[in-house]
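Single chain ahead, by itself, as structure tokens, in the form predicted on its own.
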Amino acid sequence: MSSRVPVLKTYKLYIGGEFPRSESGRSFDYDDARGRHIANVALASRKDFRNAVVAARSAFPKWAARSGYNRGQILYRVGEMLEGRREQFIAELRQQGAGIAEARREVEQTIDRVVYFAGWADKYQQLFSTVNPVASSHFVFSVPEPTGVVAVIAPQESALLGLVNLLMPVILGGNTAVALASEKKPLSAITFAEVLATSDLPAGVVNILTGSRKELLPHIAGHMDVNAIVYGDEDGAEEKLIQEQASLNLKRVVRPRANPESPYLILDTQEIKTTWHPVGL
């Protein structure tokens, strides 16, 4: 009796709460650490990125209007679902070259990081808002507000934890995101998208693309409806390209701080709104 032929998974894009193939029809073969073909991965095009930005922009007003408490509840639910699928993520990270101890540690840190930032969702405004002293008869309040649509460039080596470290501070603050997954290790990002799709996170708040960084980075940095870029890697040539293209439309480029557990990461994609209110008139 012949041995069974396994059904290989096709890792599609995640745009607007759905899992489409690339509009170009392109994909690439992905081999595991032993060189065995294990999956087909969508190769996103410029139009796929533009579609993701449209989805993120459409989702932004309602997501930004939600209370911090509600956003925290939703992110905590994501942590719960990650906990329930931890063995799947461990197995997937091992397919991409991680040892069992390394994979287990990365998944556990990812879950803990989601829960950590979920806890900040209804607290960061109290921490970063201020009442400013002025020499006039006014109250002056400064309050953080979300920037808008943020592009997130995940690190190449930290396939799951690196992506989550960048995404969580962005979306808990009311922004929406378009993330470009690791080109070398893309599988965990799309499996994470499956968690998001079956959680309470509204469609379009997070969109995840897989594909060629060389092809997509110029379009990401130059897109006029992306308000900020969070770049999480160490490639000097990539960073220079992003900085140059982003300078043409005054887009903010963020390099996250070394400490991934800091509420100050939330401020990287916030704008400070100041309101003057007269008193005693």
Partner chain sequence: MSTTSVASSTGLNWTYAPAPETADPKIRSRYELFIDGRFVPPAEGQYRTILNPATAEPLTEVAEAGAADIDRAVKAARRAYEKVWSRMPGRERGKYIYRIARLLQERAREFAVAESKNGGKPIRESRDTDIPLSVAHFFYYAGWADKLNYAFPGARARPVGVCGQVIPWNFPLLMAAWKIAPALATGNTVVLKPAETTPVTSLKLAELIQEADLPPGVVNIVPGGRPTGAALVQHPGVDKIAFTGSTAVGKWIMKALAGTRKKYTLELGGKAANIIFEDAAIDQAVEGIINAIFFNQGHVCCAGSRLLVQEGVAEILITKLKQRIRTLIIGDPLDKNTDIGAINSREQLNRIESLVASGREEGAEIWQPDCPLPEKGFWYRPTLFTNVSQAHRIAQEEIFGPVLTIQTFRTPEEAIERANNTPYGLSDGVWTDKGAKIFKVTRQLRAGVIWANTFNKFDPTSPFGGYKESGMGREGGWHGLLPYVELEETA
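Positions refer to the first chain, counted from 1. What you are looking at is a predicted structure, and each value in this text was computed from that prediction instead of being measured.
One more form of this protein exists, namely the form predicted in complex with the partner chain; it is left out here, but the text below deals with it.
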Item to complete: Determine whether any heavy atom of K251 comes within 4.5 Å of a heavy atom of the partner chain in the predicted complex, and answer yes or no.
Response: yes
Discussion item. My question is simply whether G211 lines the interface with the partner chain in the predicted complex - judged by any non-hydrogen atom within 4.5 Å.
Written reply: no
Worksheet item: Hey, in the predicted complex, is E23 touching the partner chain, heavy atoms inside 4.5 Å?
Response: no
Worksheet item: Would N132 count as a contact of the partner chain in the predicted complex, using a 4.5 angstroms cut-off between non-hydrogen atoms?
Response: yes
Worksheet entry | Contact at G17, K185 and A203 by the partner chain in the predicted complex, all three, heavy atom at most 4.5 Å | no
Discussion item. To verify the annotation, which of these, G79, P155, P146, G72, has a non-hydrogen atom within 4.5 Å of the partner chain in the predicted complex?
Written reply: P146
Response to the item:
Students should find that, of H37, R34, K62, K240, the residue having a non-hydrogen atom no more than 4.5 angstroms from the partner chain in the predicted complex is K240
Practice prompt. Tell me, please, which stretch of 23-31, 240-248, 212-220, 43-51 lies within 4.5 angstroms of the partner chain in the predicted complex when heavy atoms are compared?
Written response: 240-248
